[in-house]
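This document starts with one chain, in the form predicted on its own, laid out as structure tokens.
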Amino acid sequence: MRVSYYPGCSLEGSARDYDESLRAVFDVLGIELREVEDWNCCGASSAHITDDFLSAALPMRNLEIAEKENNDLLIPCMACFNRLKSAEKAAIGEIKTDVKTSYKGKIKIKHILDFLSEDSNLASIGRFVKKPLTGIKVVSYYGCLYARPPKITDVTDYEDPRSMDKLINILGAESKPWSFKTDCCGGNLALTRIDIVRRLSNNLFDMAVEAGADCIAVACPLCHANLDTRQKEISDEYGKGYYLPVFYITELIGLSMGHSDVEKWLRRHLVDPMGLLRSVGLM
């Protein structure tokens, strides 16, 4: 199988562990990723709040290039997914825009969660599980941009998405139910309103602990950055002792596959997950 891949800016920088684990997992599954040629930044998180034209033109260019490959287009970043879906809606006339485009809407734009949780891919992942993640209790955190607004994202279960939960369960871990899976972590306010990020992320940590989780799974580099890099300062500010490792879902899949690069990915995390993994015999 061959699919087109738009990594986005974060996966070439602060979220290299996400990109590397994603590519490794797809290699094991035998799925060929064809990175979109000469792709550009989609404009998240700044273009859509500063310039309406750029907010459509930047992601639209990527869609035009990807459409020439005529493959499904996979996107790992929630913010990029939201912006490219918005561009798609503009191209087909559902959103007003002044951008002229050759994009015809002939390809499917998918977040990797939707792609990997398709029945055939779930079955394939299950066949490659060598080290079931037994003993790990995980809350799936989708963040706010994956599902909303549903008229843009086309996500039907936007109140209670289940794609990541399905993946976690097939890996052998326990997916804990909780009601904060689509709440906001503060997003790109990490650059301007750290106080809001701390308050919102603190709520997520509280609810994850209440749900009985010992770690959090994400599929967004911005969510990972807020929850992983600020966990200690949030603990200090609110007088809590949070220590919840934050995994990219692709890292958990790679871990269950027994991939040799897992430790390299996890060493980049500020909240060290190795203690948790050793405690359940996975390291």
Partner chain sequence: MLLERNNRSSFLQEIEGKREVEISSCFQCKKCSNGCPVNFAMDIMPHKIIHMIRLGLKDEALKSSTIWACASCETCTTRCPNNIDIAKLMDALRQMATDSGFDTAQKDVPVFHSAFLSSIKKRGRIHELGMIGEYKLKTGDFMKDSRLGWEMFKRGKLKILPSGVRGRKEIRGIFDEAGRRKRS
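Bear in mind that the values here come from a model prediction, so they are computed numbers and not experimental data. Residue numbers count along the first chain shown, from 1.
Omitted from view is the form predicted together with the partner chain, to which the following refers.
Peer 1: Among the candidate stretches 207-215, 113-121, 184-192, 127-135, which one is within 4.5 Å of the partner chain in the model of the complex when only heavy atoms are counted?
Peer 2: Selected stretch: 184-192.
Peer 1: Would you mind picking the one in L29, M257, L58, L244 that has a heavy atom within 4.5 Å of the partner chain in the model of the complex?
Peer 2: By the 4.5 Å heavy-atom cutoff, the listed residue in contact is L58.
Peer 1: Of the options L167, L145, V139, L84, which one has a non-hydrogen atom that comes within 4.5 Å of the partner chain in the model of the complex?
Peer 2: Going through each option in turn, the one that passes is L145.
Peer 1: The partner chain in the model of the complex: within 4.5 Å of a heavy atom of each of D160, S235 and R278?
Peer 2: Heavy-atom distance to the partner chain in the model of the complex: none of the three under 4.5 Å.
Peer 1: Quick one: does K106 come within 4.5 Å of the partner chain in the model of the complex, counting heavy atoms only?
Peer 2: No, K106 is distant from the partner.
Peer 1: Applying a 4.5 Å heavy atom distance criterion, does M274 contact the partner chain in the model of the complex?
Peer 2: No, M274 sits far enough from the partner chain in the model of the complex that none of its heavy atoms falls within 4.5 Å.
Peer 1: If we define contact as a non-hydrogen atom of the residue within 4.5 angstroms of the partner, is I196 a contact of the partner chain in the model of the complex?
Peer 2: Yes, I196 is a contact residue.
Peer 1: Even though the partner chain is not shown here, does D52 get within 4.5 Å of it in the model of the complex, heavy atoms only?
Peer 2: Although the partner chain is absent here, D52 would touch it in the model of the complex, with heavy atoms inside 4.5 Å.
Peer 1: Out of 250-279, which residues reach within 4.5 Å of the partner chain in the model of the complex, heavy atoms considered?
Peer 2: If the 4.5 Å heavy-atom criterion is applied to the partner chain in the model of the complex, 250-279 yields R267, R268, H269, L270.
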